[in-house]
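Given as structure tokens, the chain that follows is alone and in the form predicted on its own.
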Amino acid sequence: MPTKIEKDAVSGQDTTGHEWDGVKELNTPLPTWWVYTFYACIVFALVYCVLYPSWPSLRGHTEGLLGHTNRADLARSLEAQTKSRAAFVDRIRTTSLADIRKDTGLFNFALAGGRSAFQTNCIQCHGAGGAGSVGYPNLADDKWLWGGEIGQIHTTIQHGIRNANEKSRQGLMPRFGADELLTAAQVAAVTDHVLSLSGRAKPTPEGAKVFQEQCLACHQADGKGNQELGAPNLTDGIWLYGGDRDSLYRTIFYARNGSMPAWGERLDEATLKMLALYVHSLGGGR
């Protein structure tokens, strides 16, 4: 129940007239500076709502007297960047890959652009550093299925691998077991022969015979592969789909014919060149 307002004996502060179980509520006003700050915030908010977009409506929002938006700022910033890059991009588009490498300023710009394009389009498969993963080649070593010269890299990026593009890299490995070209025993024998090429198993006459009849045309007699066909080197211990016996057996039995998009259908020529230069610079380019 409200009681009369009186002075608190301890603090000397007026009470509000409210008391609960003998405890009286002090009437302590907010600090003056806080009150004025609160009023200033209200004024600021009202001014902001008038000057800038703020209040939503059924068809959008209020535009504000200044008509300012972060979206417009971003558009202007992107336009300015595009204009500042245009001269370099145009030069890259019309300059050969070899000549770009000779021009330090243009080459550094191309590497930066290639890194950005790689992070946008390539890291999902090849990883941030280009080290790849199972089924996706390592771009930072010196082992290339289709060639590591910069022109070869550009062609691979532009047309892709085993896709609908008529100029894409083609080279299919037969499904020796699944299509019954070989028996399971023959697949097992040639698996051991392939392992023997890198010193991890003992060769057998049966495996050598199957390899000569079925694999030599692509991988060559010494097993070192053929970049024109995309046939990997079987002697270096580098495996795209795993080098243990079970993985190799499955590769021979079912085949592994991964695909890469034809980036020339999605990216402009300047970006393709920058990507090729960047991939070439990762450490494995020739």
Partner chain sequence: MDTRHKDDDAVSLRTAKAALPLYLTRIKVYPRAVRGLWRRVKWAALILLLGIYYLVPWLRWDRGPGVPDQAILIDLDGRRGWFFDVVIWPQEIYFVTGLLILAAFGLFFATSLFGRVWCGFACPQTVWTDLFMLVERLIEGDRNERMRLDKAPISFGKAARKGLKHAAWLVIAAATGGAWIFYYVDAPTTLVSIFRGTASLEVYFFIGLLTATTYLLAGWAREQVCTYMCPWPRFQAAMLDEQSVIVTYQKWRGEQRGKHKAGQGWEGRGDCVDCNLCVAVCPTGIDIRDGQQTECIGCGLCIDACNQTMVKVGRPQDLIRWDTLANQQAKEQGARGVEWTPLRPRTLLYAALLAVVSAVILVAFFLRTDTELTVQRDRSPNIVRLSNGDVRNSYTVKILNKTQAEVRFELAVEKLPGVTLGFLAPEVEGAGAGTRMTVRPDSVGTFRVFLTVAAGTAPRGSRPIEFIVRDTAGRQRAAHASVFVGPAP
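Keep in mind that this is a model prediction, so the values were computed, not measured. Just so we're on the same page, rigid core means the largest C-alpha set that superposes within 1.5 Å between forms. Residue numbers count along the first chain shown, from 1.
Just so you know, the form predicted in complex with its partner chain exists too; it's not on screen, but the next bit is about it.
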| item | value |
| --- | --- |
| Triple contact flag Thr32, Pro174 and Leu240 to its partner chain in the predicted bound form, non-hydrogen atom at 4.5 angstroms | no |
| Among the candidates Glu206, Glu213, Asp179, Asp142, the residue which, in the predicted bound form, approaches its partner chain to within 4.5 Å (heavy atoms) | Asp142 |
| Of Glu63, Asp244, Asp236, Asp222, the one that lies within 4.5 Å of its partner chain in the predicted bound form (heavy atoms) | Asp236 |
| is_contact(Gly129, its partner chain) in the predicted bound form, heavy atom dist at most 4.5 Å | yes |
| Proximity of Gly12 to its partner chain in the predicted bound form, heavy atoms at 4.5 Å | yes |
| is_contact(Phe88, its partner chain) in the predicted bound form, heavy atom dist at most 4.5 Å | no |
| In the predicted bound form, Phe107 touching its partner chain (heavy atom, 4.5 Å) | yes |
| Contact stretch among 152 to 160, 73 to 81, 96 to 104, 165 to 173 - heavy atom within 4.5 Å of its partner chain in the predicted bound form | 96 to 104 |
| Rigid-core frame, C-alpha of Asp14, shift of 2 angstroms or more between the shown form and the other one | yes |
